[in-house]
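Let's start with one chain on its own, the form predicted alone, as structure tokens.
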Amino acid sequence: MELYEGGCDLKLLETLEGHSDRVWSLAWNPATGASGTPLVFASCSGDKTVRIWEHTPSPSATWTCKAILEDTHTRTVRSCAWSPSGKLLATASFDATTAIWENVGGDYECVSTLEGHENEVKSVSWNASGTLLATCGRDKSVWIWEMQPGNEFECVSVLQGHTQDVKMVQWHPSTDVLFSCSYDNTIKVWADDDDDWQCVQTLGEPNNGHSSTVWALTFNASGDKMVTCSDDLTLKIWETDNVQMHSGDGYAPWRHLCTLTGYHDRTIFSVHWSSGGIIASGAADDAIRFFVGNKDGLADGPSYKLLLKKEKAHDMDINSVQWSPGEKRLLASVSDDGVIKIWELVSLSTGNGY
């Protein structure tokens, strides 16, 4: 953790314009940013489009919109996610569909449309192997789709359990366990038992959970900790036993570790944990906050401390913050103000990025 001792600063690298309505979400292509491959990310918006952005390496070091995915969704595109190989992009829309796009030589073609949700689809997520896709929506359900040959997708399970709008689905980074969070204030954990998907745990207010809508969740690199964010203005950190989780029964219970409160004064819409261990949060107070594990007070168990706060990161609500893959850790943020911002967290003592 010596990197953080000299303090750090959030440097704005670029502001990207192009969307004509609020930007809801973005996703970095996980197959980019290493071994000379330029970073690529997708952004999606209330303007019914998805934009694909690519980084042009130096000397100019600028971002270019390489493609606009349009004329497919008829309403807001709320969420997007790349398959682990980076070859497919899934986009979830308020038009009740999820579209699957394939990058064919730089052109993106819609190769599949997943239908089934009654109304708005809010989130989409691929599992670690790229064989399963999860979607969720305002109809309170979570759907699991299995990828078939030829870019076909078959629904293998419809999970009912949430009592309100499901805001986000997220697969665990190393096991086929699915997490969902909802307007019903809970996080649900779903696991497969002989092709029968079941809710194996509900994290709610009775077990130190959130007291209002849970908007997002994210895992640390090793997958034994999770952080959730909420309309109750808190971030909560949860932990599980990694050894038990990988021991064969495939599921180990999660428990509340600590709550971070007092850092945002409006709804926290997004949280993302970097592979280097830094938690970023974005909220309706137009601010971004960064947290790291605090090694000092281990007597009371692990705790987390504020690393940096960036007020007025955007002019309006921040809907998503996402760390980039690759060697250089960048953070992208998107907002109701219609712009995307690319940031770098730099160490004041060395001037280098993290």
Partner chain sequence: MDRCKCNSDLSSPKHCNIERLRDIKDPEHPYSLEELKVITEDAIEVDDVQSYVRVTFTPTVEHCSMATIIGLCLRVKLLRSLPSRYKVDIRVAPGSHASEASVNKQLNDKERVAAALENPNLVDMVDECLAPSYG
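Positions refer to the first chain, counted from 1. Just so it is clear, the model here is predicted, and its values are computed rather than measured.
Omitted from view is the form predicted in complex with its partner chain, to which the following refers.
- Of the listed positions (E146, E109, D165, D241), a single one reaches within 4.5 angstroms of its partner chain by any non-hydrogen atom in the predicted complex, namely D165.
- Put simply, of H246, R75, R255, K87 only one has a heavy atom within 4.5 Å of its partner chain in the predicted complex, and it is R75.
- Although the partner is absent from this view, A284 contacts its partner chain in the predicted complex, with a non-hydrogen atom inside 4.5 angstroms.
- Using a 4.5 angstroms limit between non-hydrogen atoms, H172 is distant from its partner chain in the predicted complex.
- Interface residue remark: E54 is not counted as part of the site for its partner chain in the predicted complex, having no heavy atom within 4.5 Å.
- For N103, no non-hydrogen atom is located within 4.5 Å of its partner chain in the predicted complex, even though that partner is not displayed.
- Proximity of F219, H272 and E344 to its partner chain in the predicted complex is absent: no residue of the three has a non-hydrogen atom within 4.5 angstroms.
- Exactly one of the stretches 272-280, 205-213, 149-157, 187-195 approaches its partner chain in the predicted complex with heavy atoms within 4.5 Å, and it is 205-213.
- Taking its partner chain as it sits in the predicted complex, the stretch 7-22 comes within 4.5 angstroms of it through a non-hydrogen atom at just one residue, R22.
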